[in-house]
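Given as structure tokens, the chain that follows is alone and in the form predicted on its own.
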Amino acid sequence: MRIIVGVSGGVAAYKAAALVSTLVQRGHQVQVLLTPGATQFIAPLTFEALTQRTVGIETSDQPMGPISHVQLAKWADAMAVVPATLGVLSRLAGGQASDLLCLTYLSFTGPVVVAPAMEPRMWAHPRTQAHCDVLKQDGVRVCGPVAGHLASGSEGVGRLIDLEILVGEIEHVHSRDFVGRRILITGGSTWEHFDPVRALTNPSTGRMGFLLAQEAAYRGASVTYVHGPRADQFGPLPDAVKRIAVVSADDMRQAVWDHIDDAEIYVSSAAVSDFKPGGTATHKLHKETLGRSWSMELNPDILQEIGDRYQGQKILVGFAAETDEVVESASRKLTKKHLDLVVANPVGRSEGFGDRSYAAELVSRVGGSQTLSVRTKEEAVPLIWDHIGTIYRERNG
């Protein structure tokens, strides 16, 4: 993708260098435009070294030859302003062509992402919010800011959004096919405690659930992500994701039932424990007092309950980890639990929970099975959402 990155004059300008470096490393072509104020925080030479392109600043600059703002507007697939200070938000919203960045913005008709960064009181000011409202009405995607510690020493909402999330937002500006959709996702394992220090669980890390929630949010969905313990280890998620941490299968069941009515799509990627102890001690049970067997009970089958209640009303997606007869087992699960799609993963000695490598079969109610020819979960997740999107459109027109 060909991306214009505009940098305005704030302390967070130094983070734009890391953003540009990441985008270049990911194979994108990047053209940087600095406001005059940005040059007081970071030198143009930094970006020229990263992009191998001449940086533009003043309206008279010609990084792409004569009438560069017109040439840039034709060249770029997307535009991002990082950081966006109050001054540049004001100029963009007001249509002021005072520098090459603002002039190019007025010439560009493609998707634009702006990432504000400023003092919390400045961000909260009604005039700042009014500028953002104007930009949103023009189709600009405003990402952040977030709460945190600022260079001035103050705390509050005003910090530049996490760069990893910002890269994802920029890369997905052309794939916003789930805007307005409400999605409920479960991920990770559940822990079934025998006592405060011992639990029955499984090796699921929750990485798949995290990636599913991230991708859905990048595509414009409003996501509720219910996850088990330690499934929050992979970093921040976009603001469109509401995270709900649970421990046991009963906790997860309650959270799912609390939110399922509002969801159009339910994706159950969690590895829910099939069994739980017949009772949980309130204190540690010392090993010398323990027997060699435990009373166990079946956990509720959350996906079965949802399938029985909402079949045909919502898009229902399940995951299955199988050691053999992968497609056959997934097909049985699809029918028994009234699902629209099952993502079946072969697990065994060479691959399984937590692996970076990935293999899967998509078994659908309509269309049979399809092998995902990918190597990683990161590659698989967009294809899974593409398939879910097709199912959604076929059902809803």
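Given the structure is predicted, the values throughout are model-derived calculations rather than measurements. Heads up: residue numbers just count along the shown sequence, starting at 1.
This protein has a second form, the form predicted together with cytidine-5'-monophosphate, left out of what is shown; the following refers to that one.
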{"item": "Partner contact for residue 268 in the predicted bound form: cytidine-5'-monophosphate, 4.5 angstroms, heavy atom", "value": "yes"}
{"item": "4.5 Å heavy atom contact, residue 318 to cytidine-5'-monophosphate in the predicted bound form", "value": "yes"}
{"item": "Contact label in the predicted bound form: residue 333 to cytidine-5'-monophosphate, heavy atom within 4.5 Å", "value": "yes"}
{"item": "cytidine-5'-monophosphate contact in the predicted bound form: residue 170, any heavy atom under 4.5 Å", "value": "no"}
{"item": "Partner-contacting position among 300, 278, 95, 139 - heavy atom within 4.5 Å of cytidine-5'-monophosphate in the predicted bound form", "value": "300"}
{"item": "Contact assignment for cytidine-5'-monophosphate in the predicted bound form, among 102, 272, 326, 112, heavy atom within 4.5 Å", "value": "272"}
{"item": "Answer range among 233 to 241, 301 to 309, 139 to 147, 216 to 224 for contact with cytidine-5'-monophosphate, defined in the predicted bound form as heavy atoms within 4.5 Å", "value": "301 to 309"}
